[in-house]
Structures are given as structure tokens and as C-alpha cells.
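To begin, one chain is listed below as C-alpha cells, in the form predicted on its own.
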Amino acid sequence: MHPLIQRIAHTLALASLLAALPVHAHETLKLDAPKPNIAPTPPMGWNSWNKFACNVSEQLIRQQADAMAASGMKDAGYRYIVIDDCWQKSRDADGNIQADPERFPSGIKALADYVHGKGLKFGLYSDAGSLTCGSRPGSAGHEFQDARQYARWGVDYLKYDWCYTGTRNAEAAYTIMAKALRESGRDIVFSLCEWGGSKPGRWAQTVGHLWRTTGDIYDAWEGKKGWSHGMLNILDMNAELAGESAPNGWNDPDMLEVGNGGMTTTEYESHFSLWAMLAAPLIAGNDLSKMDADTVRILTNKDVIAVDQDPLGKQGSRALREGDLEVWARPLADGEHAVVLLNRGKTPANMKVDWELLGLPNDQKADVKDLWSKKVTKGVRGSYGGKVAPHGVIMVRIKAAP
């Protein structure tokens, strides 16, 4: 048998075997190489789906890379330019995945080189099923072949979806792609997009760098639309998952909607603040080339980003809920605390956080910085608060003072 045909046959047989593996599949399929430590803090970047869906092209991706480099996004820490579904068209006679030649006439490697030339990193999308969600060729049965192709092209990040997977076992399917990526010869961030059905936070720490915890987000304060959920609904689904997140392995509540027009500026500030409290990957989903001043201001707020990127890597949690009023708290490195006072209601509300909720002595003096207004209040004792706008937040960083 020709070596290539033999390799393809072996991969197909292995994929078929893995589909039937039990829940604890990692005990059967050994990941010989450790997960590369390339996401010590949550990844930051941009993905094409929320704004452009299947309408992607090399011209669009170059435009977005240009805008990330020029808009202040790169300076704020954003690095990954990720093409979501619909970039691929077919497989060649040898089974190699091929980009849509009309939309990507220069090829993926040339596009990756362009993105790298901007000082950025490049990402692609595939699926653990026979087809992607957009009915393009998936990676089932081609995992090792695709991973080698991604490495040759210079891919730095793979988002791996869960459509058309039939009876495949999620842990098994994602483990085989993790193994393929680690044998590809290139370190690639592995983003598991399994939608949380198999509770990936309980098994994915050895497999990937981030994993989706829910169905898709859509650009609304709250609500449900088919498979998609509003921002607050996604927040609630992540409220009890703090123990499943850690450096190099993050809960992913899905991409940001900031700047896409479905929420108000106040609501987008809340969205961005809460994702930072969740230690979420900050993956922008808007058109970077057409951002208004508020969108740039929100997405590049370095104080909020610093909370998201805090090296302690502890996801925040909901510390208090009284009707529409919530206090979210997150421990930070060096003993500091981040706090969000969230008003889910329709009228302004006076809110505060008590020191005891943070485990601080009531008489402890602290310096408090408001991360949106930038106001610093020194020597605060016992509690801190203020009037919170409807659908708004006060987000602060609290540092004990001598």
C-alpha cells in the first residue's frame, strides 16, 4: 500500500475507534507530549464570525490585521487574527484541506505570513465532524493530516467546532486533535468549541487551552434566540465554573460583541468588565476597521484588560446577588481584588461591596481605583460603592494600604 494511503487509512481507523471510547478517553489515548504552555493568560485577539459569518476573504483578513495593528488593539495586548468557518472549500486528491480559491487566491500560508508581518498571530477554524457548521469539509478522519497542514501554513491558533459529529465522544474527538497538533511540529493554541455539553471544564485541562462553556452568544443584553444566548444568560451559565479555569486552560464564554450595535455603550462596558472578571479569552468580534471612539475606548481599556490578564489566573465569581443587584469579585496577584457592582435592572441603584465579602478586615485601609472613570480613592475602610446606572457596572481594583 502506498505510504500516504496507508497513513490515511490508519487515521480513519483510529478516528472510528476513538468515536466509541468511554468518557475518560484520555486514559486510553495517551497524550505523549504535554500541552504547550502558550496561554498562561487568556488569549486576546479577533475572530471573523460574529460580524462577518461566512463572508470571509483574504482581503477582509488583511484589512482586520491592518486595523488591529493601527488602532491601538495590538498595543493593548490583542494578538490573534482568527478566520472562523467557511475559509475552506474542498480536499485535494491526497486529502489535503484546500482554501476557497476565489476568496483566498493567494493561499493560507501567504495570508498567515502577512499577519505575522504585522507582529500578530494567525488562527484558523475546523470541526470535529465530517462537516463544519457551515457545511465545509471537517477534520474527522483527517486530524493528523490537517494538523500538519496548519503547521506548514504557520497557524498559531485552532478553533475546533462540534457540528456533524454524530455519536462521537467529545473527549475522545478533542484528544485526538490535541495529539495531532502536538505532533505537528508547531505550538498551536487549541480552542475547543464543544458548547459545554460534555462539561469540558472537567476533562479539558490536559487537552486544550480554552473551551467553550455554552452555546453561541448573540449581540443582546439578555434573551435567547435559537441556539444563541444574550450576554447575561451566558454570564449566568458561567457563574459556577470558576474552579474549572486556570492558567493555560480557560473557560470560554464565547467571543465579545462590543461594537456590533445590539447593545448600548453602557451595556458594552458591562460586557467587557464581566468577561474580564471571568478570566475569559478576549476575542473581539466586530469590524476593527470601522470602530467608533467608544468601541476603541472599551476594547483597549488597559485597566480592565489587566484584570483579565492577571497572572494569578483565578476566575472571578458572583459573591452576592440581591434581585437585580450583584457583586462579582476576583482575587488578583499580590493580594489585590477586582470587584464589579452590576445593576441588571432598569433603574439606577446605590450599591457597595463590603470588605468582609472579600475576606478583608473591616478596618483595613485600601486604595480603590475605578477602572472606567480612573478615579482613585485612598484610605477607604469597610466598604466602597456608588450609584450604578441601569444595565451598568462600577468596576474597581482594591489594594490594601498600610
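Worth saying up front: this structure is predicted, and the values here are computed from it rather than measured. Counting begins at 1, following the sequence as shown.
This protein has a second form, the form predicted in complex with alpha-D-galactopyranose (GLA), left out of what is shown; the following refers to that one.
S.K.: Answer with one of Y125, Y78, W328, Y218: the residue that has a non-hydrogen atom within 4.5 Å of alpha-D-galactopyranose (GLA) in the predicted complex.
M.R.: Result of the distance check: Y125.
S.K.: Considering non-hydrogen atoms and a 4.5 Å limit, which listed residue (W153, Y114, W203, W195) is close to alpha-D-galactopyranose (GLA) in the predicted complex?
M.R.: Looking at the other structure, the residue within range turns out to be W195.
S.K.: Though only this chain appears here, would C133 touch alpha-D-galactopyranose (GLA) in the predicted complex if you measure heavy atom gaps against 4.5 Å?
M.R.: So C133 counts as contacting alpha-D-galactopyranose (GLA).
S.K.: Report yes if any heavy atom of D310 sits within 4.5 Å of a heavy atom of alpha-D-galactopyranose (GLA) in the predicted complex; otherwise report no.
M.R.: The answer is no: D310 has no heavy atom within 4.5 Å of alpha-D-galactopyranose (GLA).
S.K.: Might K121 be said to contact alpha-D-galactopyranose (GLA) in the predicted complex, defining contact as any heavy atom within 4.5 Å?
M.R.: K121: no contact with alpha-D-galactopyranose (GLA) in the predicted complex.
S.K.: So in the predicted complex, is alpha-D-galactopyranose (GLA) close enough to H142 to count as touching (4.5 Å, heavy atoms)?
M.R.: Contact with alpha-D-galactopyranose (GLA), no.
S.K.: Where does alpha-D-galactopyranose (GLA) sit in the predicted complex: which of 297-305, 168-176, 80-88, 314-322, heavy atoms within 4.5 Å?
M.R.: This holds for exactly one stretch, 80-88.
S.K.: Within 4.5 Å of alpha-D-galactopyranose (GLA) in the predicted complex, counting any non-hydrogen atom, which residues from 159-194 show up?
M.R.: Residues within 4.5 Å: K159, D161, C193.
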